[in-house]
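Encoded as structure tokens, the following chain is the form predicted alone, with no partner shown.
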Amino acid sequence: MDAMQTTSAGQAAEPGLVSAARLTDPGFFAGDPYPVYARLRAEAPVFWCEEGSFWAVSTYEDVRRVGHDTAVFSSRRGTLLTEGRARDAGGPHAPGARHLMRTDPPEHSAMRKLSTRSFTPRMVTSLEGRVRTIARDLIADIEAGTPVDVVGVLSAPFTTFVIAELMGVPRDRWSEFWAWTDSAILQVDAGRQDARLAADVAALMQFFGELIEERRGSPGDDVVSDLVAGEIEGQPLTELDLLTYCKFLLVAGTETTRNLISSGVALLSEHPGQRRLLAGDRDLVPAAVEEMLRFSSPVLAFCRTATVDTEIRGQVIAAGDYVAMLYASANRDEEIWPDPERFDVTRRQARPHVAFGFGPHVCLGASLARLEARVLFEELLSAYPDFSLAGPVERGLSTLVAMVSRLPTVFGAPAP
């Protein structure tokens, strides 16, 4: 593929855009990719990334088309940007294991059904009291006037403890579970590999193995018990399937919501007028959470493989080609949202954002993530209506999630 590629409009993407759109470089996403996203939407909405060997679609309509059409765009051969050149190597998942993200309907639907009971609106609503208690306990430990890292003291433990509650992890193991979760996230999302992380992940998988065995003999009202009791085509999940599913729920159930909350705190710190609106009217919080998701999408991109020759905006996509859906770009598409570069907690979402995906692969825990974010910001603004950044926002290196690794923040006087 030449550097001067042809767009759907018959124009050539300038070499400057080709060099600017570093879609395989985690540093690109850790910086400010939004001006490049805008250029992609305008100049090359179907863009060939030579380094990653994939097409990238950046407009809202194209992202939704690829994600919805599972017959033409399959998840079986990879879903991550980093898998573009090595999709047949199995990716980061254990060989032989069925993985929810790497299946298509009807198998995908059968796998989702195993754990949907834990994420129904009724079940999520029943968790609110416990989620609010976790939030209040963590916020109570914040000391006004003293800079703290919001990731370390609030967003990371909060989301980990909520998923621990959902999975039936004993409370006296939550601290260990938090440490193992951090290592699993760094290993999967940031692609880091070292002896400490490997040891932590091995300990996590051993813990899951013990929890699975315990639930076989004594099932409880938790998602692990549902998985152990579940069947696909009349057959129970294998041990490898169960371990893979548990790890997926853990990472997916903590990392996206953790970064949603961290980014939300940063946005409210950077836009004090918006924060004051929320502090004065807590009924705006649900809409504010949706705007946080749109404006600072936790998930950057997912990918599919074309199963047949097809076209997007006149560009031929050959069978076997890898196609990346740039969620964060789609959520600022000027064809969908007026003034999309403005953060507005009162914005009415005329069209649904794609931060949680859509169609068959819509995020299983979207309702839980919304509950967590709503409760956390309700409690935080009630306790501390005034807060600001105490240093630069530090972002981790990932091509999957907009990772906030450190968020120094100082909280003002607590509310009377």
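A quick note: this is a predicted structure, and the numbers were derived from the prediction, not measured. Residues carry their position along the shown sequence, with the first being 1.
One more form of this protein should be noted, the form predicted in complex with a small molecule, which is absent from this view; the next part is about it.
Comparing 106-114, 179-187, 206-214, 150-158 against the small molecule in the predicted complex, the single stretch with non-hydrogen atoms within 4.5 angstroms of it is 106-114. In summary, among the residues 299, 142, 336, 317, the only one with a non-hydrogen atom within 4.5 Å of the small molecule in the predicted complex is 299. Taking 380, 63, 44, 369 one by one, only a single residue has any non-hydrogen atom within 4.5 Å of the small molecule in the predicted complex, and it is 369. Residue contact check for residue 256: one or more of its heavy atoms lie within 4.5 Å of the small molecule in the predicted complex. Proximity of residue 169 to the small molecule in the predicted complex: non-hydrogen atoms within 4.5 Å are absent; the residue sits far from the partner.
In the predicted complex, the small molecule sits within 4.5 Å of a heavy atom of residue 293. Residue contact check for residue 360: one or more of its heavy atoms lie within 4.5 Å of the small molecule in the predicted complex.
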